[in-house]
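In structure tokens, the next block holds one chain alone, the form predicted alone.
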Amino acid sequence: MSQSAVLAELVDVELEVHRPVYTRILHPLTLRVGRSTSLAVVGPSGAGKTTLAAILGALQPPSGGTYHFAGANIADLSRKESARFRNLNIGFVFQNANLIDERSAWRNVAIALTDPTLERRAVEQRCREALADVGLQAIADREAALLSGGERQRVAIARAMVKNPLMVIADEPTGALDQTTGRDVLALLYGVTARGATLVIVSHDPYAASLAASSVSLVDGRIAE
């Protein structure tokens, strides 16, 4: 992979925690993630998959190594700088969607638009357009509490994409869905690459991982050869 094709590059990245007891969650690993492509992170429970995704999404700083994203050094950002980086560049889709039940679908999508200069009308329009992209324009005003599991995940995808991120990180996005609904959600997720985003998907589902352009397997905090 040429350097110009690399979006994210981790070199000798590791994670150690010292409380309540010393634990090495990730051993030093090196990983390059391309632009506008898809990467599946697979492996057994407790292997460090979610931790790796959290580092890629700047939710968790590594305890060692370097992380560059679009050429910028991410590993050394402050907490405030990391939050700004995430807001600008990363969309997240989690297993349980993480919606606010009392809010409508479009208002849940609006959470991702943090630019204070955007007028309310512009925010609402962008959110409704994002919901239309995932086939939910008809229920944009429905409270999240009234949505099905598949609809909730579609709202989560719309929320991840409304800001046109460079990377979408999906952690077990179909874990709570039936097979048919899960495959519909996967089709939408993998479609983000056609819009220029990179998809990193963490999944125990062999089918979900098989759709990715490439994959890495983690075992005991190490990339398996």
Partner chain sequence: MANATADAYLSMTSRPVRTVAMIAGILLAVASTSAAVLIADTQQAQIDLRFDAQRSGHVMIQARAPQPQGFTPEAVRQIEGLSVASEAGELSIWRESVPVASSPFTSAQSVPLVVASASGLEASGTSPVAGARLDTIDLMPAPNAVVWIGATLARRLGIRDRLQSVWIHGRSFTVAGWLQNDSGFEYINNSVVMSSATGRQHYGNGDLVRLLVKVRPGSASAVGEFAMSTLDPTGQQMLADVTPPDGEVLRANVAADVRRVGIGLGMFVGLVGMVAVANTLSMAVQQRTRELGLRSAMGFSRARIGSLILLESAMAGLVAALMGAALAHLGAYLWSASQGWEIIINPLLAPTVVAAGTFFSVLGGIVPAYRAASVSPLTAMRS
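Positions refer to the first chain, counted from 1. Model, not experiment: these values are computed from the prediction.
A second form of this protein, the form predicted in complex with its partner chain, is not displayed here; the remarks below concern that form.
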Partner proximity in the predicted bound form: Thr50 to its partner chain, non-hydrogen atom cutoff 4.5 Å: yes
Contact flag, Arg142 vs its partner chain in the predicted bound form, heavy atom cut 4.5 Å: no
Close approach of Lys163 to its partner chain in the predicted bound form, 4.5 Å, heavy atom: yes
Partner contact for Leu99 in the predicted bound form: its partner chain, 4.5 angstroms, heavy atom: yes
Contact check for Asp133, Leu188 and Ser210 against its partner chain in the predicted bound form, heavy atom at 4.5 Å: no
Contacts with its partner chain in the predicted bound form - residues in 92-113 whose heavy atoms fall within 4.5 Å: Phe92, Phe94, Asn96, Asn98, Leu99, Ile100, Glu102, Arg103, Arg107, Ile111, Ala112
